[in-house]
Structure formats: structure tokens, C-alpha cells
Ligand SMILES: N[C@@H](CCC(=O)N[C@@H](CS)C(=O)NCC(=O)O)C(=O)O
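Shown next as C-alpha cells: one chain only, the form predicted on its own.
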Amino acid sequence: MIDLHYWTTPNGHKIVMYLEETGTPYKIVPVDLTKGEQQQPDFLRIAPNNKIPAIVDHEPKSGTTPVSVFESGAILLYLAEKTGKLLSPDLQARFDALQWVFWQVGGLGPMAGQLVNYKRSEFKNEHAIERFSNETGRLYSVMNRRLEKTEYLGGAEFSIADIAAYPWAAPYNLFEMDPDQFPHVERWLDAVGQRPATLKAYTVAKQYNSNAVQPPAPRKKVSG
């Protein structure tokens, strides 16, 4: 059994998506960020960076001592190693996926997160908004070029790369990104967004937080 210390953020969605995709048994331990529960000593023991998500695996592959992991990218890699699912054993395919996981955790997540932070701040900083908006747009363009060539971010098969990126790319309306500029990203968002595990992840989010952001509904395409 996996204990998932969770709240309804993009990084939280990632882990629910993976666990649901693979049918891995888990139990959610809510960590309400609005109440500062991420600062509690019990949580800090498994997540010293006081950020969700974090997991405790009570049935690790080797040994009987529970294993704890924090940071969403590391958790996805751990779970892929544990289950043998959604990360190819082939060296090239494996790193095709992993490089996009690292791209997300080092780029799309931080840039888009900062953009929303500055957009919502009562202290407007137009330079910061422009800077993070431009960088988020650049990253969407990177995704779009990749997805013009491949079905999924990691290649031909759905993988942890798609799980990592989807929750950060889906709320493009929050970032004021125009989906018409990124048609291949939109195609990919529609496909990943309709997967049962993705739908379940956002249903779970609503159960814990009625204000949890949901992805925009697929747009109706106008036929020519």
C-alpha cells in the first residue's frame, strides 16, 4: 500500500494519475496547504522541503522497511521502477521519456507556477508577468514542436513524461495561452484528458477541495 500525502495541485494530480493508470493500491493522506499542514513535523519527516506530494511505500520491492520519497518527479520514477509500468526498459525510449520529465520539473512547472503567482498577486509586477508569460509560451512552443513529431511526449507510448506535464499544461486558460497557437499540444491535452485515470485524478481533487482547478473542457472544432 502507498500512502500518498497529497493536495489538489498539479504536482498532486500527477501521482494520483500514475497510481490510477497502473492500478497501484494507495491511500490519500490529505495535506491541506490552505491550513499550513505542510509545516507539520510528521509531514516534514518525509518531505523536508515542505511541499506535496510525498509518498510512503509500505511494500517496497526490496526489504520490509517502508520507503518514503518526496518531489513529484522522483516519485514518478520510483513508482515506475516499482511497478515496471509507463517507463520503457529500452535505454533510448527510457531516456526519451525521462528527459521530458526533467524538462517539466525544471521548466514548465516553475515557469507556469511563477506566472500564476504574479498574475494573482495584489502587488502587480508587469516585468515579472511579461518575463514568465514569455517563458511559459516558449515552453508550450517546445511541447508543440515535439508533439508534432510524436504521439506522446516520450515518443510513441504514453509514459510518465505525459503524466508529469499534463497537469501543468492543461490549465492553459490560467496562463492566457492561446490553444490555436499550439494545435499539437491541444490534440495531446484532449487525448490525455480523456483517459480514465486523468478523469479520476480531477474527480479526487474535487472531493478534497471544491475549489480545485479543473482542466478546460475540450473545445469544439469548427469544420471547414
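This structure is a prediction, so every number in the text was calculated from the model and none was measured. Just count from 1 along the sequence shown to find any residue number.
We do not show the form predicted in complex with the named molecule, though everything after this point is about it.
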| query | finding |
| --- | --- |
| Among the candidates His58, Arg195, Arg187, Lys51, the residue which, in the predicted complex, approaches the named molecule to within 4.5 Å (heavy atoms) | Lys51 |
| Position in contact with the named molecule when the complex is considered in the predicted complex, options Leu33, Leu199, Ile46, Ala191, heavy atoms within 4.5 Å | Leu33 |
| Location of the named molecule contact in the predicted complex, chosen stretch of 173-181, 64-72, 22-30, 155-163 [non-hydrogen atom, 4.5 Å] | 64-72 |
| The named molecule contact at Ala80 in the predicted complex, heavy atom, 4.5 Å | no |
| 4.5 angstroms heavy atom contact with the named molecule in the predicted complex for Leu139 | no |
| Contact label in the predicted complex: Val105 to the named molecule, heavy atom within 4.5 Å | yes |
| Those residues of 11-34 which, in the predicted complex, come within 4.5 Å of the named molecule by heavy atom | Asn11, Lys14, Leu33 |
